[in-house]
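What follows is a single chain, given as structure tokens, in the form predicted on its own.
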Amino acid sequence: MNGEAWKRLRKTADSISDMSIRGAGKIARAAANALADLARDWDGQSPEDLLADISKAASILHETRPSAVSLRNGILLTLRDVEKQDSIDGMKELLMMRSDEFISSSHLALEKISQFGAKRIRKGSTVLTHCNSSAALSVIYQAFKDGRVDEVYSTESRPWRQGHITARWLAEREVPVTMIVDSAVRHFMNDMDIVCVGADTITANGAVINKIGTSQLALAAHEARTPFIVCAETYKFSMETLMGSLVEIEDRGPKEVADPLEPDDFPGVRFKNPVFDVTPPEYINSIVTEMGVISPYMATEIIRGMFQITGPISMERGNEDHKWFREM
């Protein structure tokens, strides 16, 4: 097996793990590309060996962010039906084709989301956004170009401050932008016309898992009667939740909150650093996808369509998908 290909795959995995590559869409595309790169250079002797190496690679990538449904779905959609091919060339060709399809469709999804979502923003609006979402930004920027957005407020989005990326991105495109600290959202909410955020995961009941602090925005928006929309590609919808699984909320420990080199600054203090929180569907006005604008309560239909589930839910389907994510 080509050692250089494995090195590149592990480098991608490390970049996802340490958040050098971040954002639901970016990590999914990076994983799909890494699998295709591995398959392209694979030089083993049997289809069984290829499947074993693909499974190993899928597990390495998946374990970098096991709670990220976009990563999981990107891997599954890239590997769909690969095991059904009866030759090494057939497996490699299909895997690389699926990877290209996923990457292309994910980029096209942003274009469609921007068009659908911009229409949900009224002319002259002030928009509040949170964290750094390509989908949400695509909507906001399209609405700005259409003359619908006058100003954007962006939270800092601690502890990683992804809101800084958002603010710079908007300013570079001459969109008027104001940054606020996360705890100020309720103070400013009455001045907002709409809240527009992205999503890491959307569950079968329409709840949205997104950057910590999102649920606070939704609660404040609900109180102020400010529309709250979520912008997300369909590969962020979780099939596992359709089968009863709960979404794991990753805790990244104290190193991102307090300086790990100065532990004596906080003697006896424990830290909690959850990456995401859960926004219930009743606080969400609509979800903007590449398939159109939907109610959060339509999430089940999106999941069924994406994974081609036409009948009753089968636990065997979940077991089939798990074969790619074996314990290392």
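Please read these numbers as outputs of a predicted model, since none were measured by experiment. When you see a residue number, it is the position in the sequence shown, counting from 1.
Below, we turn to the form predicted in complex with a small molecule, even though it does not appear here.
J.: Counting only heavy atoms and a 4.5 Å cutoff, which of 148-156, 177-185, 194-202, 89-97 contacts the small molecule in the predicted bound form?
T.: Correct option: 194-202.
J.: From the list 128, 71, 218, 135, which entry has a heavy atom within 4.5 Å of the small molecule in the predicted bound form?
T.: The residue in contact is 135.
J.: Are any of the heavy atoms in residue 309 no more than 4.5 Å from a heavy atom of the small molecule in the predicted bound form?
T.: Result no; residue 309 lies far from the small molecule in the predicted bound form.
J.: So in the predicted bound form, is the small molecule close enough to residue 22 to count as touching (4.5 Å, heavy atoms)?
T.: Judged by the heavy-atom cut-off of 4.5 Å, residue 22 is in contact with the small molecule in the predicted bound form.
J.: Any chance residue 78 has a heavy atom within 4.5 Å of the small molecule in the predicted bound form?
T.: No, residue 78 sits far enough from the small molecule in the predicted bound form that none of its heavy atoms falls within 4.5 Å.
J.: Does residue 283 reach the small molecule in the predicted bound form if we count a contact as any heavy atom within 4.5 Å?
T.: Contact with the small molecule, no.
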